[in-house]
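Below you'll find only one chain, the form predicted alone, shown as structure tokens.
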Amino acid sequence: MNKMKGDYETMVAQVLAAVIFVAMFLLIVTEKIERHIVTLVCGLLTMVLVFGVAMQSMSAVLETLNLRSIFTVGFWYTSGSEGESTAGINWATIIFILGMMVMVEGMAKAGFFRWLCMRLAKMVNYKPVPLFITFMVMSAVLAMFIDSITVILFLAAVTVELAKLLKFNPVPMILSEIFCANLGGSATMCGDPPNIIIGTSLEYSFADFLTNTGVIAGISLILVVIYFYFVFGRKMASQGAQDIDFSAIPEPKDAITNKKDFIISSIIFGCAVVMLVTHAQTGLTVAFIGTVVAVITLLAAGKSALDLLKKVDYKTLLFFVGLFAVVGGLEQTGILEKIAALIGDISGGNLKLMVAIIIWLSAIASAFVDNIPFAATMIPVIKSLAVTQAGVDLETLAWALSMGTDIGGSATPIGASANVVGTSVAAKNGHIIGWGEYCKSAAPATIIVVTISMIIIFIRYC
């Protein structure tokens, strides 16, 4: 009798967790309500209905809130035997993203991004095709270390400005920059939110990503640049600079708002990169690095510190908190284990088929829904697969998940936040990019990169 009651309670908890999760996804996709409100409300419902009413488990609530982990040594420093906390709300991810946001705001205020764009444009003599290729590569490289949303926000704005001065259509450049930003973000642990979640949850280092997804992204970038050159290159070449007053183009140095702040922000950025690259050797966790970067940036800002804090995207941070709580409901009720078992059954334990399912499922799903919740949902699934399926290596599945979620989001205008930002900047300046125009170039590029990624993973790991 007690067993039947227990099974019934488990089933009710699973149904409630699944309904809340699906409702959250649908509401995020419709964009009728701000996404941070959606995840926070759904997270609260998970706590009350799933953990409180159905499971009557206070331990499930505490494990999902995961506040105790913040006050442990392993959260800030790991000697190798201990790792960063992975259960429930991933506070390491949230603190790290907060720190990077503060740093980026400091860099933007000093004029770093605009200076870099104008400097590179001058180096190629403002010629459309070299400019087109240079900005693609710069977009990918910057996105390896800085959030792709920030990269596109500044790149697209400068691209529109240069297009007006040099009399060319900025849409091809913006489309290629968006794709390359998403691709560059897949190369490192801090380049894209799904990678930050994967890295902190599975205890992978910056170097782990760079030597695995970084290799895939590097090879793919070469092919993507060639692809976009053939798609847009001739059109860009035909718009060669003619009758242009180059004296009207501002000098790169004019972009620097404060020389002292510019130097300080550049040094802070360099230190952040060094700490990230070496954190596996030093034992400093990403939570520690994010905190240090934020504190130093605020101290350097002085009286402007409050302005920097006001510009931080707190809605995104709250979105993460609610998201992790909802995914915690799926994890605590055992739903994610069932999904892992289903993938294992379909693949028959075949690693190549499992990789193909994960990378294409991730890519297709991320093209239409936010890749962040999808990545957070799939991490416990691949962990379960690695435990239950003989001969399946967790790292192999992790790289497949990373490339699928990071690149799949490039296929449509709503697949990743960088896409929305880039097309919005273009629209504000009179260049409307519809679904047809966007997908015509981005969807084939996405298919090419996902296919290349799968083949490289097959050859290297399977």
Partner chain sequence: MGEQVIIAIGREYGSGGHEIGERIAKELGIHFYDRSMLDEIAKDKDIEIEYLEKYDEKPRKLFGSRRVGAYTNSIEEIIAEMQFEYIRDKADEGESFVIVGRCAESVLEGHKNLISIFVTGHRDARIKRIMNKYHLNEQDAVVKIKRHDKHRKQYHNRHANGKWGDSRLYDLCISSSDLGVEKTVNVVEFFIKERLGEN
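Residue numbers count along the first chain shown, from 1. As the structure is a computational prediction, the values presented were derived from the model and not from experiment.
Keep in mind that the form predicted together with the partner chain is missing from the display, and what follows is about it.
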Here the chain is shown alone; which of 421, 49, 61, 41 has a heavy atom within 4.5 Å of the partner chain in the model of the complex? 421
Option touching the partner chain, based on a heavy atom within 4.5 Å in the model of the complex, out of 37, 432, 53, 70: 432
Within a 4.5 Å heavy atom cut-off, is residue 394 in contact with the partner chain in the model of the complex? no
Just to confirm, residue 408 within 4.5 Å of the partner chain in the model of the complex by heavy atoms? no
With a 4.5 Å heavy atom cut-off, would you call residue 414 a contact of the partner chain in the model of the complex? yes
Touches the partner chain in the model of the complex: residue 425 (any heavy atom, 4.5 Å): yes
Please state whether every one of the three residues 116, 120 and 224 places a non-hydrogen atom within 4.5 angstroms of the partner chain in the model of the complex. no
Could you tell me which of 278-286, 320-328, 384-392, 147-155 sits within 4.5 Å of the partner chain in the model of the complex, going by non-hydrogen atoms? 147-155
